[in-house]
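One chain follows as structure tokens, the form predicted on its own.
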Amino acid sequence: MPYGQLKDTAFEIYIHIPFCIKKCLYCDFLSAPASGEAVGRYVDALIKEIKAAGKQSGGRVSSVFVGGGTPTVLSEAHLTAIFDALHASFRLEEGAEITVEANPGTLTAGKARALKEAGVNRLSLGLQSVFLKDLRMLGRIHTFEDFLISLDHAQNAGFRNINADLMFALPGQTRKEWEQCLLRTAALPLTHISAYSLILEENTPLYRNHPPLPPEDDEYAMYEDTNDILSACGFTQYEISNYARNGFPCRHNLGYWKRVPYLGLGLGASSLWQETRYKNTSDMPSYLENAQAPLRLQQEKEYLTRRDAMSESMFLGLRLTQGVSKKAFQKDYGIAPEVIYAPIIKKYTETGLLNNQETHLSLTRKGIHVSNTIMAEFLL
């Protein structure tokens, strides 16, 4: 089998839609505007890949995440066809979390209803800011009012589990503006908020323009403000950049951080399958030609050793505020993390950056701010 059967193991699915109305000025994701004809050819190929992968994967699906790009640039018919193929090809668990990213300005009332009827039970709306000046600077196609209209469409269609993405440490942004952004967003009927600081990625217009970002001290303060304000509004931080109301963390993303196997479908989609990491081709002609034979799509394969897997468990698990479960680590690898990583744990515990509790290893508030440095040391 091209993948190898997972038998009765639960796994996740990610589906990539590489299209958008207009590429944002900060975006380095695999996405671009496209004609209706090109979109149609892609959807046809994606459905072929879904059907072929479903025959070969085995196991059961615990969550699905459709991202991009902007999945809701697709028509209602295309969205319905993709989910029809997904349900026909894979065994989804009862109550599986099924998320679709949707940008304001592309989510119509009809698309919201079509997604709900297709079994989607979670939406992730890209807001980024409540202020028009920030949205224009980022190259977004919508206003805050457009976001509110999309939110109404989602609620009227029956969605009750809705995330909003926000960005902070934007050029010219003050702490007061960020506070207002958080308060206005948290007052909305949302169950989840993702808040990320802006990173100027190379090969993006915003990077080339290189506007001055707020000082590091301000970015630090904005991050702490995020936790303080959202906590007061009923959201709990469960991951470095994610906050949820009780019972509504993103199960799909939790799976990534806990190394649940996942299957990436679509152009450039990544997978973790039987301790092998690989990604699909990012070349559209090659994808369209080979979509019905998933093995031909796979590139950049990395076969993970036991030590690789242990390192990933620490690196990814430390993103969670709960941290890495010592019991789970011992069960998975037959050895305690304190044995493998004793010098590193001692170093960062003594400097107040790591909590070494009875059941978990986790970053302290100070440790979160230098998380990349700490997590990198756990890569054996």
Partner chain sequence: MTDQSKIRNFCIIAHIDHGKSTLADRIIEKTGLLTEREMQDQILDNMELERERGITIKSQAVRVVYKARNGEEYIFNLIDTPGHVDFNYEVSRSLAACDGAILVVDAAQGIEAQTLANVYLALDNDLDVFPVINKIDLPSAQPERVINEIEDIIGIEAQDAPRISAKTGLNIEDVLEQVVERIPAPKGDPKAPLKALIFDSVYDSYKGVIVFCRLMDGTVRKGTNIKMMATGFTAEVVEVGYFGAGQFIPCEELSAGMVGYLTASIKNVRDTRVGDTVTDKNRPCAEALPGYKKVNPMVYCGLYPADGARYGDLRDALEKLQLNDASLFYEPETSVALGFGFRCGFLGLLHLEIIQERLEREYNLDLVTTAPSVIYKVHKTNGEVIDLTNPTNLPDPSEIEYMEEPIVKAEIMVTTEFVGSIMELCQERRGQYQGMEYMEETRAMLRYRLPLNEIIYDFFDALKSRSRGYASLDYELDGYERSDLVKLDILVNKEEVDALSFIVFGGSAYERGRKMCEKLKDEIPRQMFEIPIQAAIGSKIIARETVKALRKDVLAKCYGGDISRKKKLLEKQKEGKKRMRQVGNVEIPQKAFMSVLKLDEN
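Numbering follows the first chain given and starts at 1. All of these numbers come straight from a predicted model, not from anything done at the bench.
From this point on, the text means the form predicted in complex with the partner chain, which you will not see here.
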Check: What stretch, of 71-79, 182-190, 272-280, 134-142, brings heavy atoms to within 4.5 Å of the partner chain in the model of the complex?
Finding: 272-280
Check: Of 328, 32, 316, 336, which one comes within 4.5 Å of the partner chain in the model of the complex, counting heavy atoms only?
Finding: 316
Notebook entry, point to check: Heavy atoms within 4.5 Å of the partner chain in the model of the complex: does residue 197 have any?
Noted result: yes
Check: Any chance residue 19 has a heavy atom within 4.5 Å of the partner chain in the model of the complex?
Finding: no
Next item on the list: Determine whether any heavy atom of residue 332 comes within 4.5 Å of a heavy atom of the partner chain in the model of the complex, and answer yes or no.
Entry: no
Notebook entry, point to check: in the model of the complex, does residue 51 have a heavy atom within 4.5 Å of the partner chain?
Noted result: no
Next item on the list: Establish, in the model of the complex, whether 109, 117 and 146 all lie within 4.5 Å of the partner chain, using non-hydrogen atoms for the distance.
Entry: no
Notebook entry, point to check: Judged by heavy atom distances of 4.5 Å or less, which residues of 146-174 approach the partner chain in the model of the complex?
Noted result: 165
